[in-house]
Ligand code: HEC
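The data below hold one chain only, encoded as structure tokens and taken in the form predicted alone.
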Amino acid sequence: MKLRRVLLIGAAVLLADASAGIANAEPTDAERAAQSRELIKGFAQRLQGELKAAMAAGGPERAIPVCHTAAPAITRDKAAEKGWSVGRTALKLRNPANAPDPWERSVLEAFQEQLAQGADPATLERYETTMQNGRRVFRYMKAIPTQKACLTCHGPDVKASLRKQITELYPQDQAVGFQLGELRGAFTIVQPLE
């Protein structure tokens, strides 16, 4: 009987140790991707909400300054919230500060190829654990498809008055001429792992 009790206690200790190890295990790439998706969802909802409010209050002319100031502020807030690098990038840039690094460029080009083969832009994402500047990081990108509301400032027929306002804020703007459903860009996240 005593041996049985000792065995049961030993098994309980081993199970507790195993459970603690599982609880302290490093998240998988799939779990990190899910965390990234949630952060991007919050980012997109907040930005869309602010843009819609500005459009309702004064049309696209009112939305341009909001996009110019709100998007970077939301990016900073989301990055601070998690301690991650959070941003947006594209192949055709409005803001040169958002230029893609080589990894991001290759992902954007892969997204373009997938779109050309008929992929749904809303489903395009890529993630992996890799090295960046000598440190292990988790990288995530989620495609941003061009939506109907985007066409006002990014479409093929931007009004001259809007174009002038955009050019004043972004003299090197390339982010025009998009069609509905095309790849506008991508959200990008880097989670440091070390």
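The first residue of the sequence shown is number 1, and the count goes up from there. This is a predicted model, so every value here is computed, not measured.
Here the subject shifts to the form predicted together with the named molecule, a form of this protein not shown in this document.
At a distance threshold of 4.5 angstroms between non-hydrogen atoms, residue 40 is out of contact with the named molecule in the predicted complex. By the criterion of a heavy atom within 4.5 Å, residue 85 is excluded from the residues contacting the named molecule in the predicted complex.
Heavy atoms of residue 72 reach within 4.5 Å of the named molecule in the predicted complex, making it an interface residue. In the predicted complex, at least one heavy atom of residue 93 sits within 4.5 Å of the named molecule. For the options 147, 129, 35, 132, the one in contact with the named molecule in the predicted complex, meaning a heavy atom within 4.5 Å, is 147. Along 47 to 67, a non-hydrogen atom within 4.5 Å of the named molecule in the predicted complex is carried by 48, 51, 55, 60, 63, 64, 67, in order along the sequence.
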